[in-house]
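What follows is a single chain, given as structure tokens, in the form predicted alone.
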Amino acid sequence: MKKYFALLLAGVMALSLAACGGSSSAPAAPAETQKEETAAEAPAEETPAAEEAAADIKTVEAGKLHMATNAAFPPYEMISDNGGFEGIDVEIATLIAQKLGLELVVDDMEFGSVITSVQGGKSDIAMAGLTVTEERKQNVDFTESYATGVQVIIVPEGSDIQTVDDLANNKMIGVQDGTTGYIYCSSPVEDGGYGEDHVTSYPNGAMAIEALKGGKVDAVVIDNEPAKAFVQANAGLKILDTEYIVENYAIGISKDNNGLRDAVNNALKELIADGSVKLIVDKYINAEN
């Protein structure tokens, strides 16, 4: 699925149905068509993060690191051609798990359940193109940021919406439920949003795009990378040149599990320092720009 575009529409719509139907857990698996060796496929090594964490790590399942995500968010997480999971977040989480001597297990669910799954002790980490916000920081702890996300606006070609300001002209905006796009757009006008009456939320981005194509909404606000995938797969849509907002992505971890938080954060820092994170991001994003 991540070669992106020839099969992207069918793949995204298929996994949309999966996201609407509940959650499933499966070990992360690379796409069968992937020829090049990736960082996530490298053998696990003994690292300072693993040594420091060995005595303190507590996970929901012994020997496993459960990652709560919504696998409908290319290129960060999506279902691969062979039915496993792949993407930026999946590969980074795989390397983190290896550093900690654990096996990554992907728990696929609706985006709105990602944080509550960690809070409730059903998953160990939340990693789903997850933006750090003050509200979310009240519910989970975050690692340092590993990527930057940009919210953009998708409209039909020929739309009279040309800038962010045009969204205020009595337009209906489609968003993915529980995302920062939803939070920003549905907030009151005095707080910089457009009000809940002008926003329709959907379980995932693919369904919001279908609503846009069907004329049910006038625009969709979503992160830039999945936006590019959706526009490439759907003729007649475009992304406005104006950015909506810039955000930072990080990993969410239960406030009751400081040992795991510190271990994951240390492992992530090592991966950033040695260039592994950049290598993964470049593979999915920068190399395609």
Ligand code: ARG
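In case it trips you up, residue 1 is the first one in the sequence shown, and so on. All values reported here derive from a predicted model rather than from experimental measurement.
This next part talks about the form predicted together with arginine, which is not shown.
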Handout entry: Segment that reaches arginine in the predicted bound form - one of 166-174, 207-215, 130-138, 98-106, heavy atoms within 4.5 Å
Key = 130-138
Problem - Interface membership of residue 124, arginine in the predicted bound form, 4.5 Å heavy atom rule - result: no
Problem - Close approach of residue 225 to arginine in the predicted bound form, 4.5 Å, heavy atom - result: no
Problem - residue 86: touches arginine in the predicted bound form, heavy atom cutoff 4.5 angstroms - result: no
Handout entry: 4.5 Å heavy atom contact, residue 111 to arginine in the predicted bound form
Key = yes
Handout entry: One residue of 117, 80, 143, 180 in contact with arginine, assessed in the predicted bound form (non-hydrogen atom, 4.5 angstroms)
Key = 180
Practice task
May I ask you to list the residues of 194-222 that have any heavy atom within 4.5 angstroms of arginine in the predicted bound form, in sequence order?
Solution key: none
